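In the form predicted on its own, a lone chain appears below as structure tokens.
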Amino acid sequence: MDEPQFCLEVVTLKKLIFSGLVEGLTAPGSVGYFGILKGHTPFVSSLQSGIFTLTVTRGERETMAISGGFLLTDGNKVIVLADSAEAPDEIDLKRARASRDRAQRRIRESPPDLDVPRAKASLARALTRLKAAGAS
């Protein structure tokens, strides 16, 4: 019988975040979350900030905060090229809360030089990091 696992690699420009066999994953695509199992139709998708969930053997799940990038699969292997990716235990809560508060303040005050898409992206990254770490 064929194993239900496939190879997953999650990398950023700075380091390899994860490399191993998984049974499935859920990723934050540009138009919503999607899942991948072994044998998935080959495709490429852009990613947005969100919680990336992987199911390792026996249904155990691991999550990470991911912010932007691309995912590529051929049905047997998935490669994620992420702008950033962090496991919950790597997230600096104080820094994430400060980023959230700063982004919220800038959006609320709306100074004339505010780059709105950038401020909203910053807020989304901070909220994702806090959610991944189980904090608020």
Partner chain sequence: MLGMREIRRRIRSVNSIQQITQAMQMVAVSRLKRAKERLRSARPYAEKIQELMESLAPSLPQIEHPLVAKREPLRIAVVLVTSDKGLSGAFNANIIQYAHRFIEEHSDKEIKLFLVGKKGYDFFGRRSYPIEYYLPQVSRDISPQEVKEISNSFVQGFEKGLHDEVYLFYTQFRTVMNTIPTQTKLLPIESPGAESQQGAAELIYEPSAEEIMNELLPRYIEAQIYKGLVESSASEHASRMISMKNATDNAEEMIRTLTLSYNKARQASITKEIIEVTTASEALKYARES
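Numbering follows the first chain given and starts at 1. Just so it is clear, the structure is predicted and the values come from calculations on it, not from any experiment.
One more form of this protein exists, namely the form predicted together with the partner chain; it is left out here, but the text below deals with it.
Taking I36, L54, A82, A103 one by one, only a single residue has any non-hydrogen atom within 4.5 Å of the partner chain in the predicted complex, and it is A82. Out of the listed residues R108, K77, R61, K94, K77 is the one that sits within 4.5 Å of the partner chain in the predicted complex by at least one heavy atom. Not one of S99, A121 and L130 comes within 4.5 Å of the partner chain in the predicted complex, counting any heavy atom. Though the partner is left out of this view, A87 does not reach within 4.5 Å of the partner chain in the predicted complex, counting heavy atoms only. Although the partner is absent from this view, G69 contacts the partner chain in the predicted complex, with a non-hydrogen atom inside 4.5 angstroms. In the predicted complex, no heavy atom of T26 sits within 4.5 Å of the partner chain. Looking at V116, you'd find every heavy atom of it more than 4.5 angstroms from the partner chain in the predicted complex. Contacts between 5-37 and the partner chain, taken as any heavy atom within 4.5 Å in the predicted complex, involve E9, V11, T12, L13, K14, K15, L16, S30, V31, F34.
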